[in-house]
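Read the single chain below, which is given as structure tokens and is the form predicted alone.
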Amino acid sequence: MSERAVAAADVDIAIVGGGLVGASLALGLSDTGVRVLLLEGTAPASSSQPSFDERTTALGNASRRIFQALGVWADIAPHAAAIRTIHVSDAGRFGFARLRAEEHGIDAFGYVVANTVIGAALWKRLAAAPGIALRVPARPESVEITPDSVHFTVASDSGTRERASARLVVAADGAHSSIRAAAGIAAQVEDYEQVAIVANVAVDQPHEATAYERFTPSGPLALLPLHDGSYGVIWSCRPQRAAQILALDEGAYLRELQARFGWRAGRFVGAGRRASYPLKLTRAAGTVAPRTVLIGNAAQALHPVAGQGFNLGLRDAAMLAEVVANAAGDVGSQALLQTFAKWRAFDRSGVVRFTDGLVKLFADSRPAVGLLRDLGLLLFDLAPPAKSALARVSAGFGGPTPRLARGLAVRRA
């Protein structure tokens, strides 16, 4: 078990979940004077760590600035591929749209990075960050939330038990959050009846920093440029079809992918290991409760269409770090938590509606809807104001912009 000398018996904040979002929050609070305990159930370098797997993440520019402010972008950047063009199309129909970063006065819309790279950069920084007690692998047990504090047992995989308390507990433990359950916060789950198949695929021509989002009758198919010249493929389809695709050998998979996507990106010539995960929309009934706050997938787990889920969760972490670091008193007070919830409400609801709406709009097979959809894409392709609005999506859908997302320290001078 990794244990920092910082005492864990009595802290200001306990963060449950050291994945991408939880680790980012802990880093944001380091060196602020806030006493932090970070619990993670799986060692960061373990092959079974679900947060740092082979999947790729598209980081918006606001997320890049957050990582720069946290001091980890220098380790991430060499493994990041810029997205300078986005091509959106409707399979089997005439609708398409293109966005180019240069038309909006920016170098790139975002950057694609493997989750393993982001996780390694965050935990490298955490290993030397002051003010953070690390308990890994460990999990909370016997969680008791009282009006003044949260009490629990830190249970390590080695069998040791350690009683601890915090003024605030942060649920960063994913869509099946145990802390959310302990706080009595309900969650609504909507099954999209889709499975995402992910793999890295080599092509016979340069990707030229272009990302593709192709909407097919069975679900979205995304190609994200990677730093080695290949693409990260996220292929969403019905569960039965997903099982068939996962069972194919490499050559058959590449032929099926080529037939479904087309030739815009060139010929697919090689594929890495395939993995899959079910696609659901999970929304917590609220993001705060007494002495408790939810961030990331514990608050909302989204469909990967448009790549908004992690960026939204990272803004959760950035804003919570700012609110806590600048608190004048009790970091778990109801007033402070309500401020956080209010500031994040517009962004959260906007991103959820946006991604959920895209999935359902392009899944509608009615001819009239398809015609209107394609006309809309063509009009979008010709409308600079609409393109500019979409280009700003990565900055959030409303509410205050976290200081970290502007490249500033969490604490106000």
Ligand SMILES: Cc1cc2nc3c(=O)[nH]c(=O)nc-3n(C[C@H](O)[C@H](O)[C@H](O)COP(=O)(O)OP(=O)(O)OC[C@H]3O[C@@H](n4cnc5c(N)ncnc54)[C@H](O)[C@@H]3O)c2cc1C
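This one's a predicted model, so the numbers in the text were calculated from it and none came from an experiment. All residue numbers refer to positions in the sequence shown, first residue = 1.
Absent from the display: the form predicted in complex with the ligand. The rest refers to it.
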So in the predicted bound form, does Gln308 come within 4.5 Å of the ligand, heavy atom to heavy atom?
yes
Interface membership of Gly22, the ligand in the predicted bound form, 4.5 Å heavy atom rule:
yes
Please tell me whether any heavy atom belonging to Val88 falls inside 4.5 Å of a heavy atom of the ligand, as the geometry stands in the predicted bound form.
no
Quick one: is Leu320 in contact with the ligand in the predicted bound form, heavy atoms, 4.5 Å cut-off?
no
Decide yes or no: are Gly28, Arg64 and Val150 jointly within 4.5 Å of the ligand in the predicted bound form, with each residue judged by its heavy atoms?
no
In the predicted bound form, segment of 257-265, 169-177, 156-164, 242-250 with a heavy atom within 4.5 Å of the ligand
169-177
Would you mind picking the one in Ile145, Ile234, Ala325, Leu134 that has a heavy atom within 4.5 Å of the ligand in the predicted bound form?
Ile234
Taking the ligand as it sits in the predicted bound form, which residues of 26-42 have a non-hydrogen atom within 4.5 Å of it? Please list them.
Leu39, Glu40, Gly41, Thr42
